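Quick setup: one chain, the form predicted on its own, written in structure tokens, and binding and motion questions come after.
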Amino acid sequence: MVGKIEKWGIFEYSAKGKTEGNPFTDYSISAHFESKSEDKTVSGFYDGGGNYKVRFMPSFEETYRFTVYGSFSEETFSGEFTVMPPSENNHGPVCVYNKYHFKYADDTMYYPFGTTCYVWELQSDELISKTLETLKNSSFNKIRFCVFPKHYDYNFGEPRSYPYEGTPVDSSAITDENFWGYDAKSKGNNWNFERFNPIHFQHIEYCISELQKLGIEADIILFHPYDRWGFSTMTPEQNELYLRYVTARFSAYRNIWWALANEYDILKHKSVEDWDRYAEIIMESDPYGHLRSIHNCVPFFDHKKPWITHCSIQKQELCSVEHTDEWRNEYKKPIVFDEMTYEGNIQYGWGNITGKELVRRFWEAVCRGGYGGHGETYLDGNDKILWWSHGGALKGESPSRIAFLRKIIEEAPIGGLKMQPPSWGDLCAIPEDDEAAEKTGYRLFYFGIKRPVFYNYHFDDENIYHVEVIDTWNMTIKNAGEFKGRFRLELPGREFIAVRVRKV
């Protein structure tokens, strides 16, 4: 068997196998892949209908030989395929770079500008299509979403599918008013936690593939507490079976990130030792080492643990983003605010800040050497389709301003930014790489809610600097001229102004 596949694409081998008993637990399928530069063994999975599959993401432009084997069949299967150069928009998986930042496998920088849509992929075909079209026309290059359905205010409908064979609780009596007192267990669930529903996972794979076409990373939330079906209270053995199945199915997609939990501290049935064990399972089962994180509600997990590749943070207080540089120094890892409250108008404090405040938090995070995360929770009349959970169309003011910021960051010297030690509370970002900082003289000042009408600068007496005044809300960049030595820069005296400085 000879075929062709692009570098960091997916090679998939499918074979018929045994169906007696429970194919999800009774039989195994694995494959060994070998080329001049790479040697990997990967686990496969049962995909229903007597079909067993194994997937592989090649990392080199070489000829690969493979052997598929396991108890699923009395036979072994072998062949080879040739790996071609990656297509134009294929940069490979994302990894940590320069300790606090990210890059793709081909060394292209990756600056995360993410959004949250918890169960967008479990909605109707029409709404999913609308979400993908919205994402296509946005600047977001990462999206957080769940494998399991979500039970929470504005999320009382049933998902399009379930991850297991069985039947769900009766949700007809659940409303916004009785949500917090609703006893889901009294209605009963009937799931077989040892028999997956392949249709559920096939559909998620379709959504991951569509995101990949748009250049968007899929930040997969593996566990969460908002649950009326019993998926958050499975046994450790059931959780392990689930994790091995999910990683076998999803790992070969280059745009996968693993988020062990959304708000881990609310999942009372899981201990710190459980999370460490589940992380170990993921690392054992994912041969490509995709990024891994765990997200908090209030207390942080210990982000110093070696299995955590980056800090996924929900704000703890009003001024959390102002601690970005402190947490960088403490954890020595990238800081990503995946949840710093949402632009919207619902009743909860986490979902009703203004677009201006969300954009301010993005700028604060970036200028302090971290990254921000978008979310939107707007009610529009009787419409209870909120982007934060369902996707659809964006209604807020922040997405276009976030796109403006992303463009500015992508124009900065390669390698990411860090905060320059402050002087009298001034916020200034400089290149993470000291050599790049010296060579370019790049500085990005952000005044936020401060409104100076002028500012005095002095960088040195030798170089000429080109200076621009940026209105981060109105999305304008004004050329202020070239300066040397000490100079006074006139400013508009309003909020949300930034100044960009570069050597001529």
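Everything quoted here is computed from the prediction, not taken from an experiment. The first residue of the sequence shown is number 1, and the count goes up from there.
There is another form of the same protein, the form predicted in complex with a further copy of the same chain; it is not shown, and what comes next is about it.
- The candidate stretches are 430 to 438, 191 to 199, 84 to 92, 291 to 299, and the one lying within 4.5 Å of a further copy of the same chain in the predicted complex by heavy atoms is 291 to 299.
- Out of the listed residues F60, Y455, F459, Y69, Y455 is the one that sits within 4.5 Å of a further copy of the same chain in the predicted complex by at least one heavy atom.
- Residue-level contacts in the predicted complex: of V96, L214, I385, I346, one residue has a heavy atom within 4.5 Å of a further copy of the same chain, and it is I346.
- Proximity of R451 to a further copy of the same chain in the predicted complex: non-hydrogen atoms within 4.5 Å are present.
- In the predicted complex, a further copy of the same chain lies within 4.5 Å of some heavy atom of N352.
- In the predicted complex, a further copy of the same chain sits beyond 4.5 Å of every heavy atom of H310.
- Contact annotation for E495: at least one heavy atom lies within 4.5 Å of a further copy of the same chain in the predicted complex.
- Of all the residues from 367 to 396, those having a non-hydrogen atom no more than 4.5 Å from a further copy of the same chain in the predicted complex are R368, Y378, L379.
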